[in-house]
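Listed next as structure tokens is one chain, alone, in the form predicted on its own.
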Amino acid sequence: MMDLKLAQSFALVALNAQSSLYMTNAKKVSLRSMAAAVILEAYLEGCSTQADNGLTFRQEVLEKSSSTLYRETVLLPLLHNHAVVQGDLEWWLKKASMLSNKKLKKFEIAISDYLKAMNVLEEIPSLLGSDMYFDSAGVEMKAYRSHNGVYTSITENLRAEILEEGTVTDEIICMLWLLRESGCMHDFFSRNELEKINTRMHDLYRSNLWAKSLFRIQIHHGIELGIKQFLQMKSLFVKTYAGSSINFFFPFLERSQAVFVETEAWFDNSNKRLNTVLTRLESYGHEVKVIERGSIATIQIDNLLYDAMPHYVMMRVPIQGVRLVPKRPL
């Protein structure tokens, strides 16, 4: 796997399949967590000093060769032209997560440009733009796509370290917290696995000082969740203090959505119908791989998995096609 820093790794997970043109609720939540990841990244690299339960960042940190533009877009607004600013970890993380929309957009451009220059992130036509209704309306829709190999390495390494017994690094603890706060848990862990994650976080909270300091902090903004009743479902399997936000899952509802891709001809064979849709998606620049064929096929489009179900809609005449429904975990 490439030697990526914490904020870079998390950004590849959080931005994947997000709209690159519009500030959706899902992307705003991701960007707030990504800004917090910058603070954690700088802290883990020793770019701050710690005393009396406080963290001190200095302007001179930004002058180091290791500093990057995306780090500056987060730290400079928090320093407010002061040479030195001090606050505890919670203060820094919450301040970073509360950047204005304008500053969040500037941060998004900085970190996405950085990752594009590394050839690990690109912009492609959004899958939602392939939907019959969006396609016919001529609406331009683009999305971020993380490099498949790098994305897979990040997520598989995360799953292995969390679900298997053994020592967990500070970086993985940060990633676990960032997934919790950004609502991405459901993208990578099944419901049964989330039970294990809940227990794992509780054990880390009791035995690991870094986890104890971090897991008690919450930065997500409830007002951005939208549909409040969804949060009531957290009682289903969240049973510990450390996992108290594990069901914060509104963002994943927007990350990928069901789309209907019509076919130009009527097929009585599901494989022919599916092949036609796959060819069309590839012509739009998507990377497509069939995982399992059948009456309901499983396919990977870019980095996400979908069920491909034969479907038709009634217009003046029936229109045949395939309904692509996101599978979870991804």
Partner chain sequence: MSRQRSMEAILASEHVSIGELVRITGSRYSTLKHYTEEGMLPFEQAEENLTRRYRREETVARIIWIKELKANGLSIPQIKEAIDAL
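Bear in mind that the values here come from a model prediction, so they are computed numbers and not experimental data. Numbering follows the first chain given and starts at 1.
Another form exists, predicted in complex with its partner chain; not displayed. Remarks below refer to it.
- The contact residue chosen from 218, 86, 152, 199 relative to its partner chain in the predicted complex is 152, the criterion being a non-hydrogen atom within 4.5 angstroms.
- Among the residues 131, 181, 161, 72, the one placing a heavy atom within 4.5 Å of its partner chain in the predicted complex is 161.
- Residues of just one listed stretch (123-131, 166-174, 91-99, 108-116) have heavy atoms within 4.5 Å of its partner chain in the predicted complex: 166-174.
- Put simply, residue 203 is far from its partner chain in the predicted complex: not one heavy atom of it is within 4.5 Å.
- For residue 300, a non-hydrogen atom is located within 4.5 Å of its partner chain in the predicted complex, even though that partner is not displayed.
- By the criterion of a heavy atom within 4.5 Å, residue 44 is counted among the residues contacting its partner chain in the predicted complex.
- Taking non-hydrogen atoms only, residue 156 approaches its partner chain to within 4.5 angstroms in the predicted complex.
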